[in-house]
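Next comes just one chain, in structure tokens: the form predicted on its own.
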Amino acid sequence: MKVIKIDKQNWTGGIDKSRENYQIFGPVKDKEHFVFKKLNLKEYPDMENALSVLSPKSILFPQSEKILAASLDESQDDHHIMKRVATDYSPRAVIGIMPCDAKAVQLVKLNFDTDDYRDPYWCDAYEATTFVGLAVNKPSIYDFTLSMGSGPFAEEGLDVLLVDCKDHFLAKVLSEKGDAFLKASGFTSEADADKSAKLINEIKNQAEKAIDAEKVKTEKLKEKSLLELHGASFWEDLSFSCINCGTCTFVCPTCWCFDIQDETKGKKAVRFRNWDSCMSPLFTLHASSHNPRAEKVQRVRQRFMHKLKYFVDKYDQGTMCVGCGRCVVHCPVNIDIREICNTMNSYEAEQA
């Protein structure tokens, strides 16, 4: 195990040095919240272990993305032919990403990078990105990452894991991309591997003790009958308070639904890809005016069945939830995915 010691007094200097080779993204304070964004010169990631409102998924999957363009000028030889829009896929580093958000990227990858189809926009951005995670020393009361196969010190999907040790970071090197980023930043001072491992494990154990790993149960979801869960009577009660605002889908790091929209102006046409939400009545509205999920209860059921059952059955890699807690924090009517997960996990069909 290779561990680099980074004195905090050298942190901003290293970030500045890395800009010679990388675009830098990270969390910054925006009023009372944290948001991930591309950082300009003299902007630095805020390493306060705070949960950002939105995950960094927009760095790979922008909320609105121009993907194709065409000329409508018939004097041009290539008029009305859609072509991919030029995008900057030069090396980039996402600094301060939480381990659970890095895990979420790997779950989304199952959808965008498959044997049958490779989404060029998402995959090109992913391949250009180095993920520098920040371990969560003090998990929030909404953190249930351990129940969802992640954790405050999880390493899946990361190239570097930073551990805050008060006056310095210990940077655990997890990949060649991570090693290259640290070298480009001038962070090359190796720490004693054994002492570092012991200290990291002590901090990790304290962090994990702060999370009730038994609060959310998932072990029976795989064995449950899909049709029985779909037809369960509890969906009416669970969906009663929902106002279909879509907040849960936009703050979720694993939601990947999108819509396509074409726009024209003068002699130019552009195709955009925009985030969409299964909680919207328009999401499944057909051109014929038929809507297979016209009722609120159907949309609420779809969201949680997708996260906690359809995904489980299709990929057999756990749930489509990493336990970040954002949807719990930001739901205006206090719908709690932890309670719904437990309800589904313990559900037994009523006997006729």
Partner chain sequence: MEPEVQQKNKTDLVFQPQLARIERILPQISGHRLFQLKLINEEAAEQFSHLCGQFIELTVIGVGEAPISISSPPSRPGTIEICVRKAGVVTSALFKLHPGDQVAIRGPFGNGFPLDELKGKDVMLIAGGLGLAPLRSLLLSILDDRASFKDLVLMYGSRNPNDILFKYELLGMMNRTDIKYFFSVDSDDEGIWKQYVGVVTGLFERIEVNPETTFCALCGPPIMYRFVIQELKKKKIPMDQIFVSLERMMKCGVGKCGHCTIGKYYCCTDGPVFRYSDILDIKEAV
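Residue numbers count along the first chain shown, from 1. Every value quoted in this text rests on a predicted model; they were computed, and no experiment measured them.
Keep in mind that the form predicted together with its partner chain is missing from the display, and what follows is about it.
Visitor: Which of these residues, Lys183, Arg84, Lys195, Lys215, gets a heavy atom within 4.5 Å of its partner chain in the predicted complex?
Guide: Exactly one listed residue reaches within 4.5 Å, namely Arg84.
Visitor: Which one of Trp256, Tyr126, Phe153, Trp235 is close to its partner chain in the predicted complex, taking close to mean a heavy atom within 4.5 Å?
Guide: It is Trp256.
Visitor: Wondering, does Leu285 line up within 4.5 Å of its partner chain in the predicted complex on heavy atoms?
Guide: Contact with its partner chain, yes.
Visitor: Give a yes or no for Glu208: in the predicted complex, does one of its heavy atoms lie within 4.5 Å of a heavy atom belonging to its partner chain?
Guide: So Glu208 does not count as contacting its partner chain.
Visitor: Taking its partner chain as it sits in the predicted complex, is Asp115 in contact with it (heavy atom to heavy atom, 4.5 Å or less)?
Guide: Output for Asp115 is yes: heavy atoms within 4.5 Å of its partner chain.
Visitor: Hey, in the predicted complex, is Arg326 touching its partner chain, heavy atoms inside 4.5 Å?
Guide: No, no contact at 4.5 Å.
Visitor: Between its partner chain and His80, Asp262 and Asp276, in the predicted complex, does every residue show a non-hydrogen atom at 4.5 Å or closer?
Guide: Yes, the whole trio is in contact, each within 4.5 Å by some heavy atom.
Visitor: Please determine, with the chain shown alone, which of 276 to 284, 198 to 206, 156 to 164, 171 to 179 has non-hydrogen atoms within 4.5 Å of its partner chain in the predicted complex.
Guide: Of the options given, it is 276 to 284.
Visitor: Are there residues in 291 to 308 with a heavy atom within 4.5 Å of its partner chain in the predicted complex, and which are they, in order?
Guide: Going through 291 to 308 in order - heavy atoms within 4.5 Å of its partner chain in the predicted complex - the hits are Pro292, Arg293, Gln298, Arg301, Gln302.
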